[in-house]
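One chain is shown next in structure tokens, namely the form predicted alone.
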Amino acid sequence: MKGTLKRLRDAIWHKDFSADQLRRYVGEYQKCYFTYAGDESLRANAASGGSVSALLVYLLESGQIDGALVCRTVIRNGHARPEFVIARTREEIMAAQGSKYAAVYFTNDALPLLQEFDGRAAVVALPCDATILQRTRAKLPDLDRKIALVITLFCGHNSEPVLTDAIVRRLGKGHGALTGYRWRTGHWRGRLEATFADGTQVVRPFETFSDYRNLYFFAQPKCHHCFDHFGYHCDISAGDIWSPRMKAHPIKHTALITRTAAGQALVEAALAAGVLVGSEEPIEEVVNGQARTAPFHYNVTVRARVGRLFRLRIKDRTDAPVRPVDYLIAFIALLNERISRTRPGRWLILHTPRPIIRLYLYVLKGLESL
């Protein structure tokens, strides 16, 4: 029975993507690797194997950069917020580990840091922000000369801070103000951690947060316009590997997709030096691991069409083929995001029993898997 279920799971999970689909979803690339940080301490608080942290530390300690633009978590007035900073030491890079699932403002907050920085910098950014950086570098040669390497993180969409605040309130009842927060760490789906003023640390499965996120509740509206899931405009793309065979591995790995000669040379050097441990893998396995979200993310066409029902102007920049089921998926995603922007909608979402939320998510996942 167990073997039959495994074969059924693999049959559902595996999809045959054409060369054209892979090119559109992934963009131009050189090679793909599954890796993890050779230094165990760099994996402790990482979201996906610590490979990005390992590369940044390697660049810094070998003198190839003077700092790295990263995003850390700060607590402001009891609220967990992402904050850009240029890390200049190993410890500062490690302090920024872990995913941050809340809105960031790259143009206002990150670009000034890079422009003021005196030295060579690596940049870790979301795909949309890497595009902003690329356009800005083309206009500002002085900034362009400062950037040694750009790493993008896989991204399906980002969330408004109100979702994080709601989860924190739910976890922190009776414990005082929030003093520390991690959106996601640990193996596979991971866990979230919240620490409060009375010293209590609350640890919950990441799905406590991600169930709402994956239903597009509280999604940033700008994400409806984006089709770049893996990060086209960078040297290396990095992200999770949701491959069934990797779930059983005791160490979580990072998928690294090299796109430029500089990115390829860095990964090869890091592997040779033991900074990274891993192997080259087929790009199809990465895309299969993102087979529900990546195609929908790319398909701006269907969101542009369905968006008219919500009086949303979404420019179609992909001209992607649309199946009948895609209309339903887009309707659910846009409806959920719109509902979560109203006061009655927020109340309804946050007071709906979790089992119903999970059932709703399973329905959406089932549609996305077709």
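So that there is no doubt, residue numbering starts at 1 and follows the sequence shown. Note that this is a predicted model, so its numbers are computed, not measured.
Form predicted in complex with a small molecule: not shown, discussed below.
- Within 4.5 Å of the small molecule in the predicted bound form, a heavy atom is found for none of C226, V287 and Y298.
- None of C155, V275, I167, A291 but one reaches within 4.5 angstroms of the small molecule in the predicted bound form through a heavy atom, and that residue is C155.
- Contact annotation: of the candidates L126, A121, A270, A194, the single residue with a non-hydrogen atom within 4.5 angstroms of the small molecule in the predicted bound form is L126.
- Look at 59-67, 331-339, 316-324, 39-47: in the predicted bound form, residues with non-hydrogen atoms within 4.5 angstroms of the small molecule sit in 39-47.
- Taking the partner from the other structure, the small molecule in the predicted bound form has no heavy atom within 4.5 Å of any heavy atom of V302.
- The closest heavy atom approach of R182 to the small molecule in the predicted bound form falls outside 4.5 Å.
- In the predicted bound form, G98 approaches the small molecule with a heavy atom inside 4.5 Å.
- Contact between V104 and the small molecule in the predicted bound form is found at the 4.5 Å heavy atom cutoff.
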